[in-house]
Structure formats: C-alpha cells, structure tokens
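Below, in structure tokens: the form predicted alone, a single chain.
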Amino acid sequence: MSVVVEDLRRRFTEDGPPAVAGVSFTAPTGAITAILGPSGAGKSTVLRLIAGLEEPDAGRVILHGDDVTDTPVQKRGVGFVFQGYALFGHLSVRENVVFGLRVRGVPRTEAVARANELLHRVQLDGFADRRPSELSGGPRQRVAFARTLAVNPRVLLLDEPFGALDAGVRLELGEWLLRLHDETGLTTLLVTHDQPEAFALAEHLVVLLDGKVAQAGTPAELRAHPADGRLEAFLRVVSRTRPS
C-alpha cells in the first residue's frame, strides 16, 4: 500500500511561517520510509496530516490510490505509534491491546486471543498481566506497537517512537522493528531526527528542511548525490546501514 502526499500545506498561525509548505512525496509499498529532519522541520505535522489528526490547508493524501484527504482518521486504516506510548495506566498490558478491538466490536474471547498472539509476536508473553508502569521503556513501546497492530492497519505511522529511550534500547528496538517489518510487510513511515537511525532502518528517505522536501530517495542516493550544499551540510556521515 503506497502513501502519496501531494502539495501538503499547513499553517498554524496567520503571520508565522508555514509548518508544512508544499510537501510532496511517495512512500513505496511495503517499505520503511523515514521522514528525516531537524526539530521544527514539519516532520510530525506531515505524519499527522497523513493520519488525519490534522487537516491540511491545501494538498491531498492518497492511500492505495484512494484520496483520503477528507476521510475521518478512524476510516483511513492507519496505525499510529507515538513517542510517549499513550498506554492506559489502569489497564494491564493485555487489556491495553484488547481495548481497541473491543471498541470496534470484536467479541471479547476473540479480542483476548488476538492480544495474546500479538504479545507473543512482540516478545511480551510473560508480561500480559502487568501494568505498563511495571515495564521499562522498551517493553512499553512494544506494547504500544502490539496495540496498534491489533486493528490490522494498512499503514503504520511512527512518530519518534524511540525518542524517549537511551541509545542502547533505541538500537535494540530498531533491530526489533526491522524483524517486525519483515514479518508484517506493512508500509511504514518513521519520523525521526536521528540520522543514523534513519539510514539504518529505512529503505527510502524523505528529508525535510523548513517545511519543504529537500530531497527524497534511497539512503545510497542521498549519500552519493545530495541535492544541494545545504542538504549536504545537514547529512552527516553515518556508519550504520540497514541489515540485509
């Protein structure tokens, strides 16, 4: 399922600069696309526009050939994982995963079975009855992934999902995300300001500077042929590459 954005624009203040100023790109079907850029570049706003959590001032969002620009968020078939987990502290790990299924009318027995299956997939079988507060950051984020995957999204949107974690846990979860992606094949958009993370995890990169696309392409293309001096200055040399 490809994600296409065409000339997206969003301004939050009448007199200030636009947060997103004519962004266009295609995220290939079945790939991880990283939206990379410094703080304030418009990365999270673009992701929220794709999800339907923000309305564009202009432009279109096309998912699998369908224009969903005016489609409510709950009908777009996207799953969203936030940096801050957004888990329900009063519910167990299992019940956090069950919650979204029950809201959608899935019978409880079926919802619990689906939750157990997903907790196994994210390697949290033994944590189902714990509260989120009893888990460290890495497992909490895996619970958030399980809850998002429970509703069978067509597109996975990740907004700095590892940003609150230390470097060692970030690396571990990055490798885990690659394994999960290989299993699910979900078209995935990952917002990050971390260049090594973007180059290590993504097959396709979209670099945003000041709310505009500076360049889009494969990691190899951006390394070898940055579009201009400003982008070349932004792109530091990175040593990690995506595992084969």
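As the structure is a computational prediction, the values presented were derived from the model and not from experiment. Residue numbers run from 1 along the displayed sequence.
In what follows, reference is made to the form predicted in complex with adenosine-5'-diphosphate (ADP), a form of this protein that is not presented.
A.B. asks: Would you please decide whether residue 51 lies within 4.5 angstroms of adenosine-5'-diphosphate (ADP) in the predicted bound form, comparing each non-hydrogen atom pair?
C.D. replies: No, residue 51 is distant from the partner.
A.B. asks: Considering only heavy atoms, tell me if residue 41 and adenosine-5'-diphosphate (ADP) come within 4.5 Å of each other in the predicted bound form.
C.D. replies: Yes, residue 41 lies within 4.5 Å of adenosine-5'-diphosphate (ADP) in the predicted bound form.
A.B. asks: Residue 19: heavy atom within 4.5 Å of adenosine-5'-diphosphate (ADP) in the predicted bound form?
C.D. replies: Yes.
A.B. asks: So in the predicted bound form, does residue 12 come within 4.5 Å of adenosine-5'-diphosphate (ADP), heavy atom to heavy atom?
C.D. replies: Close contact exists here: in the predicted bound form, residue 12 approaches adenosine-5'-diphosphate (ADP) to within 4.5 Å, heavy atoms only.
A.B. asks: Answer with one of 69, 195, 215, 45: the residue that has a non-hydrogen atom within 4.5 Å of adenosine-5'-diphosphate (ADP) in the predicted bound form.
C.D. replies: Looking at 69, 195, 215, 45 one by one, just 45 meets the 4.5 Å heavy-atom criterion.
A.B. asks: Hey, of 58-66, 32-40, 196-204, 182-190, which bit sits against adenosine-5'-diphosphate (ADP) in the predicted bound form at 4.5 Å between non-hydrogen atoms?
C.D. replies: Looking at the other structure, the answer is 32-40.
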